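Below you will find one chain, with nothing else, as structure tokens; this is the form predicted on its own, and questions on how it binds or moves follow later.
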Amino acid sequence: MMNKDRLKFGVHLFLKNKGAVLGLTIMLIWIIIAIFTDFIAPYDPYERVGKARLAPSSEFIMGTDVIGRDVFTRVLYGSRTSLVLGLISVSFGSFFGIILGLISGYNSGTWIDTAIMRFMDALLAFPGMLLALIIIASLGPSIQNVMIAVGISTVPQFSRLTRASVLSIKEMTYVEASRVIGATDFRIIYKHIFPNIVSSLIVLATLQVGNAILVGAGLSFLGMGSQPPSPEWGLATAQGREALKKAWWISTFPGIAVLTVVMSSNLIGDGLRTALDPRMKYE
């Protein structure tokens, strides 16, 4: 576990990274928007408030969509769906991935390790989007099933990173000393191994949130995720593709929203990677 000096130095490194600070600022803005959308949005996201395909103006700053709903309002409400999707799916995937990785790494060389890693290899044989599509095809299209599908697709990444980290730590002297004095396997993992790999898992989780939002938006774009009339960003982008030449704003603004959230997630992840790297030297 990081001591206070290391934590302060990590925060210092993070704040020195302009890209990371920019990413954190953008992410905080979207989180605030998601929380207070009911007070910020000028209209009901499901209500027709004007003529269809009205261009951006002082009344409708992002125009209206194919049936006359306010695009700005729907982008604001879409932030809730996308952020919740990213957080829940990554939480789901990290929970099972970390547990499997800890079990596999601690029992390396046994049939348990072999069985878990071969299963992870099988999942990794499919690209993330393809694996999510297969799961959605089995469960049916809905935002809840998208969370499950995206969560399952992130399990192998967390499992393999956890296993690799456990393999490098479990041979340390302090772990061997705990084993010699009779500490249980659970106590060794909980007290001595997991606290020393949590920083790398935080970095991966941060990066995976952006990837989960992107995959979720892609599934909704293909009609396999959120269903109409949901204001989800991927679905909103898909609904405007047929009118892209004459009403570019319908797809463009939701697409920009996805871009900014994914970009901010990656910038935060890169900043955390530098800030939490134990090889960094104190100034």
Partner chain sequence: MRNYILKRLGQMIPVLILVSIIIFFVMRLLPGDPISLMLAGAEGGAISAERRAELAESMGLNDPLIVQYFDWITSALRGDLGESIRMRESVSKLIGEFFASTFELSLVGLFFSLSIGLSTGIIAALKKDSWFDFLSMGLAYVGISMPIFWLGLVLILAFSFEVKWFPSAGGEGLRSLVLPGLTLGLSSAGLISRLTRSSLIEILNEDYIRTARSKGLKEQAVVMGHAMKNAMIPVVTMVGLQFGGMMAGAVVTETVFSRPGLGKVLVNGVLWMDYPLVQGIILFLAVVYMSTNLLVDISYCFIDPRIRYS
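Quantities reported herein were computed from a predicted structural model and do not represent experimental measurements. Residue numbers count along the first chain shown, from 1.
Omitted here: the form predicted together with the partner chain. The next part is about that form.
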Checklist line | Contact check for Trp30, Ala41 and Ile88 against the partner chain in the predicted complex, heavy atom at 4.5 Å | finding: no
Item checked: Among 67-75, 170-178, 121-129, 93-101, the region lying within 4.5 Å of the partner chain in the predicted complex by heavy atom distance -> 121-129
Notebook entry, point to check: Ok, Ala52, Ile61, Leu222, Ile35: which has a heavy atom sitting within 4.5 Å of the partner chain in the predicted complex?
Noted result: Leu222
Check: Just to confirm, Trp248 within 4.5 Å of the partner chain in the predicted complex by heavy atoms?
Finding: yes
Check: Ile256 near the partner chain in the predicted complex, any heavy atom under 4.5 Å?
Finding: yes
Notebook entry, point to check: Does the partner chain get within 4.5 angstroms of any non-hydrogen atom of Ile143 in the predicted complex?
Noted result: no
Item checked: Any non-hydrogen atom of Ile189 within 4.5 angstroms of the partner chain in the predicted complex -> no
Next item on the list: Taking only heavy atoms into account, state which residues of 237-270 are within 4.5 Å of the partner chain in the predicted complex, ordered by sequence.
Entry: Thr237, Arg241, Leu244, Lys245, Trp248, Ser251, Thr252, Gly255, Ile256, Val258, Leu259, Val262, Met263, Asn266, Leu267, Asp270
